[in-house]
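The data below hold one chain only, encoded as C-alpha cells and taken in the form predicted on its own.
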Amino acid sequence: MTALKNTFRELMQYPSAMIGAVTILFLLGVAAYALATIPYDEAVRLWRGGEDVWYQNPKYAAPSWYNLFSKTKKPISFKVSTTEGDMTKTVTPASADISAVNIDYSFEYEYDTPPQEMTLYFTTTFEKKLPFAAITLLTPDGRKVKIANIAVDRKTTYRTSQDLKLQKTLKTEKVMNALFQNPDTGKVAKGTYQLVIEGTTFESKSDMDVEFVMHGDLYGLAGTDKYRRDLFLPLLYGTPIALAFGLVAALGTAFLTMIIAAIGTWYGGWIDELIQRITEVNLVLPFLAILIMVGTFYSRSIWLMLGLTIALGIFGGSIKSYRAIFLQSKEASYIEAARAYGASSGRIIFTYLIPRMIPLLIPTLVSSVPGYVFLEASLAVLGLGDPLLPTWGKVINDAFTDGALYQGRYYWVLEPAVLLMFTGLGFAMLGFALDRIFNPRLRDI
C-alpha cells in the first residue's frame, strides 16, 4: 500500500501522466456509459438496421455543430409527432360518423439553404372507409401552398419532394427549393413556417396520427452515413470495443510472455531451447499478413482476431528481454535461500521471479495498449473488421468505401481518427511517465 502511494505521489509530479490518466478515465467512463445504455444485441441491431430503423435520419448529414464554423447556416434535422404531443391535434365531430382531425405544427426556420426532404408518416385506424388528409404549408413570406390531398391508409408515407403532382403544380422538380425560397428574391424565406393537416375520418372509431420528419443537411453530434445511420453509435459503442481489445490483448500477451519466459529460464535445457526456437520462428512471421489471411479465408470475428493476436504476440521479442532479466534473478541470493528451505519450482517462479518483474511490466503494458487498439482499427479499415460490431475502424472503412473525402465529408473520417489519436496519446503519456518512475535510469533524461 505504501509503495502504491509513493508511486501515485511520483506520478503527480508529471503533468503528462495526469493528462494521460484523465484521458484514460474519460474513455473508461464513456465505455461504461455505452455498455450501460446500449445492450450488445441492441447495438448490433441498430448498426445492421436499414431504413426501417433509421428512417428519421437524413443521408450524408454532417454534425449539427457544423454551423458553428460555417457562414452558410444549414438546416438541422428534426422530427415531431402527435403521439408525443409535439404537434397540435384537435378532433371535432361533425356527425355520428364523420370527424374533422386538424393537426398543425409551427417551426422556426433560420437557415440559408432548403432542407433535403419533408416526410409525413400517417398512422390511422378504421374499418372500411379510409380517412382523408389535406396538407398545406404556410410560409413566412405570406404564401399558402397546398401540398397534397390524399387518402390515408393504416400506414402511409408521404414524401413531399417525390410528389409528381406537386412538382407539376410548382413547375419544378426541386420541390424543397420552391417551398422554402421566396419567389421574389430567390433566397430562403426565414421565419415561422406552419404545417397544417386537415384530416377527415368517416367512421366513429376512426382516428389519425402523424409523424413529421424534416431531413436537413445536419444531424446529431456525429452526422450520418449513406444508410442514414447515426455515426454517434459507432463512435460511442466503439469505445468499449477498442479498449476491451487493447487491454485484453496487452494483458494477455504481457503476462503469458512473462510466465513462459520465467518457466523457460528456470528449467533451462530443452524447454528453454524450444521456447527460444519458437520465438525466433515467430519473429520472422508476418503478423498482420496472418491476421489478414485468417480474416479473408476463415472468419472476421473480433474474438477470433483477439485470440490470434494474443497467440502470435506471446512469443515476441519481449520474451528474450524477460529471459535476460530472469537469468540474473535466478542466481540471486534470495532464490538460493528459497531453494535451501525447499521451495518448489512453481513457488519460486510465481512467488519470487515473476513478482520482481511487475514494476518493469507495468509501463510496457500501458504503452502497448494503443498498438492493439490501432491493430483492430487497421483490420477494420482493410475491410476485415467484425461485420456485426460498430467500431471506429469500421466507420473509417465505410467512409473510404463511399469516397467521403472526395465528396468533402471530412467529419466521417476525422471523428474516429481523432478518437484513435486521443486514445493513443492518453496511454502513451501515462506509459512514458510510468517508465520514468519504474526505470530510474530514465529519470534524468
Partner chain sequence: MSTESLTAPTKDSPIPKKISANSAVIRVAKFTAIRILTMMITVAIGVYLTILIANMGGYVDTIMRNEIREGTTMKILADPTLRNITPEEKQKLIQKKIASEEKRLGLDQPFAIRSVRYLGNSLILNLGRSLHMTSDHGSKEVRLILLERLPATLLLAGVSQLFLFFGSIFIALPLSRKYGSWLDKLTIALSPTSAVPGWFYGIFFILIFAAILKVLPFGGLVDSPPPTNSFDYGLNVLKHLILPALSLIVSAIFLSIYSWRTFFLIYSSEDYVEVAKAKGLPPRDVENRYILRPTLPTIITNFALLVITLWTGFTITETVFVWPGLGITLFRAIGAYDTPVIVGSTIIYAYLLALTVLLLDFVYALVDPRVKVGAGSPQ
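Fair warning: this is a prediction, and the values are worked out from it, not measured in the lab. Residue numbers count along the first chain shown, from 1.
Just so it is clear, the following notes concern the form predicted in complex with the partner chain, a form of the same protein that is not shown.
Undergrad: Please pick out the stretch from 116-124, 190-198, 93-101, 277-285 that is in contact with the partner chain in the predicted complex, where contact means heavy atoms within 4.5 Å.
TA: This holds for exactly one stretch, 277-285.
Undergrad: Tell me whether Met293, Tyr406 and Met421, taken together, all sit within 4.5 Å of the partner chain in the predicted complex, counting heavy atoms only.
TA: Every listed residue reaches the partner chain in the predicted complex, so yes.
Undergrad: Among the candidate residues Leu389, Leu46, Ile38, Val381, which is the single one with a non-hydrogen atom no more than 4.5 Å from the partner chain in the predicted complex?
TA: None of the others qualify; the residue that does is Val381.
Undergrad: Between the options Tyr55, Trp65, Tyr33, Tyr410, which residue brings a heavy atom to within 4.5 Å of the partner chain in the predicted complex?
TA: After the contact test, the surviving option is Tyr410.
Undergrad: Counting only non-hydrogen atoms and a 4.5 angstroms cut-off, does Pro370 reach the partner chain in the predicted complex?
TA: It does: once the partner chain is placed as it appears in the predicted complex, Pro370 has a heavy atom within 4.5 Å of it.
Undergrad: Examine Leu434 and determine whether its closest non-hydrogen atom to the partner chain in the predicted complex is within 4.5 angstroms.
TA: Looking in the predicted complex, residue contacts with the partner chain do not include Leu434, since no heavy atom lies within 4.5 Å.
Undergrad: Applying a 4.5 Å heavy atom distance criterion, does Ala21 contact the partner chain in the predicted complex?
TA: Result no; Ala21 lies far from the partner chain in the predicted complex.
Undergrad: Hey, in the predicted complex, is Ala61 touching the partner chain, heavy atoms inside 4.5 Å?
TA: Because no heavy atom of Ala61 falls inside 4.5 Å of the partner chain in the predicted complex, the answer is no.
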